[in-house]
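Only one chain is given next, in structure tokens, and it is the form predicted alone.
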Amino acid sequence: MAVTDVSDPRYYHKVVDCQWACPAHTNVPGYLRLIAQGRYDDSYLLNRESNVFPGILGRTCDRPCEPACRRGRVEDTPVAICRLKRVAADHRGDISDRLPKAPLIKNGKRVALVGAGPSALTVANDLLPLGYDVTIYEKNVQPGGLMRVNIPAFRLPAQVLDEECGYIIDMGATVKYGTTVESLSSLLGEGYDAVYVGSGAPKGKELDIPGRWDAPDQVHIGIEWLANIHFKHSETIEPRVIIIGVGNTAMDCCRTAKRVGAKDVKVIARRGRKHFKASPWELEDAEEEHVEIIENHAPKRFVVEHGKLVGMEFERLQWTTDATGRETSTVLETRLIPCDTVILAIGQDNAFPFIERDIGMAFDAKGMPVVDKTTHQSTRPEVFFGGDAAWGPQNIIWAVAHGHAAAISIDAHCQGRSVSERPPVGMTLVSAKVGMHSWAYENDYDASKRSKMQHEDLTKRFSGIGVEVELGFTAEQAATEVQRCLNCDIQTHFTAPLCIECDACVDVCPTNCLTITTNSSPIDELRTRLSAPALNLAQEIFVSPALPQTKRVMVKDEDVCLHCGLCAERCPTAAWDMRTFDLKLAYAGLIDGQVTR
């Protein structure tokens, strides 16, 4: 087994599971510790370096960090990372003087952004401080894209959107509101040095089964219906509503329906709950509001009588799994569910009616532009894509990650460099020792259980569509929850030449994640003969250089380490040290770690 190269930032980055799982790689342990110190401004700004919408995503993020959280491997529930992000956002002061600024003298390059959604705004956030002249074309009269139009205000208040979109736009972007781009060819003809397409996936999927078009006014496409509610084009709905689909858009539709007049709301799913795309907390919130979720029902037809929709017919299914794991369904019965309105929330597609097919840009068989996964560049060199417009619907934090990556490419393209030349990722690693027996972080294990988000009571939340349901953590909850973080960015750093093989660290480790052994076998075999076999292959193991005394090696299973620091406290020679890891991410304008302008 080769010696682990801990000089490669990737190794320690992967140990910080939450940060590794986040598409934008936000420094989660870092901003949680700042919350614990009451430094909300600093926490917000640290988060914002990679995630430009901490307040928005503190309410709406799909939270890929939380399933990865090490705390979830120690007990049942991870740290409430998303909700703590909101704590910093809600309690920050005026941070405007600490935000990036655009220089007075521009660099002479003009960039057009199609759409003012999360990915395009991230591009603007990264390019404006470099002196770019950024123009955003937005079809609506306010920025935010799907964050504003498709996420209901009871989950994401307009004030939060206004503030965080404003931080970016106020740097000096020109926004042409109420302007739909009708022709990419014409836009390119205006002489922009680069164009970024962040127009999202604005086309809801249809359900073309019998009866679909017999009462069209009573059947809605989910994202279009949510937009109509947002713009007040529609303000009421009939009493009995069926939602088809069980993703997060479906959850927004059913909860919105309850607020605009529906009394009986049912969400219908073709498969069982383990297949649902909606986040578990979205499902819980919907059911708390008395939305009924019906599983294993496949739509068969819309039932229309005398030109009026009166219900939907479903096939009730039973799913069985064969020896190969393949699931097949059997129809048990046909069931009629009465309703007055049906909302289809079964997915979204991209639509590019404004892109001519003869302007030198390649599209694939599905009608999607051919876009490089790393550079976000299309086959027309000055045109870049990101967010849902690039490869279909994902989520907001992915859109932010796309924006950062595309901004690097746009900067390189405009400055005449290869877009394949990516600025390097770096790290700093500094000892956390601040005395003979103390660390610059709290390393005692806190056995507190995950804090539960407080909700507005049902009566008040239904009094208006803008009444925010989640009230945020109390000060006591926030103080407790931040202490549940295991500080995975405080790394256990081992210096082999200092080790005297006394086994003190092995003896004191509460999880048996340390082993001193011979290094003469492949990694898979080595994993099986550690003090506690390292069977989680998704997590790496550390293998030291040969130790001075016996030429054996120190092996550490990163999967189960609690980062408690006992090994470093017990070590008589300081071979083990706890070191603060700070990942240095790459952004536009950085080449070889230096700002180019």
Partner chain sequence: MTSIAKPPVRHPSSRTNGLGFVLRDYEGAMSTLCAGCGHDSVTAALVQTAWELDLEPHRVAKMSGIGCSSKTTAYFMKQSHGFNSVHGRMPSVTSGAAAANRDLTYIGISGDGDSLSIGLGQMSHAIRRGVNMLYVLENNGVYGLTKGQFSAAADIGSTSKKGEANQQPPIDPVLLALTLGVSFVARSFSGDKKQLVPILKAGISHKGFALVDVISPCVSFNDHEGSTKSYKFTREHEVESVHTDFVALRREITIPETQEDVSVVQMHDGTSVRLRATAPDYDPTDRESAYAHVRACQARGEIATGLLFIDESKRDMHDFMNTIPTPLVDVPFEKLSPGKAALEKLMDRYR
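Numbering follows the first chain given and starts at 1. This structure is a prediction, so every number in the text was calculated from the model and none was measured.
What follows is about the form predicted together with the partner chain, which we do not show.
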property: In the predicted bound form, the residue from V310, V74, L99, L336 that sits within 4.5 Å of the partner chain by heavy atoms; result: V74
property: Candidate from D42, E66, E540, E569 lying within 4.5 Å of the partner chain in the predicted bound form - any heavy atom; result: E569
property: Which of 42-50, 29-37, 56-64, 552-560 sits within 4.5 Å of the partner chain in the predicted bound form, heavy atom basis; result: 552-560
property: Exercise: N512 in contact with the partner chain in the predicted bound form, heavy atom 4.5 Å; result: yes
property: Non-hydrogen atom contact E525 with the partner chain in the predicted bound form at 4.5 angstroms; result: no
property: is_contact(E327, the partner chain) in the predicted bound form, heavy atom dist at most 4.5 Å; result: no
property: Close approach of I500 to the partner chain in the predicted bound form, 4.5 Å, heavy atom; result: yes
property: Stretch 407-445: residues contacting the partner chain in the predicted bound form, 4.5 Å heavy atom cut-off; result: H437, N443, D444, Y445
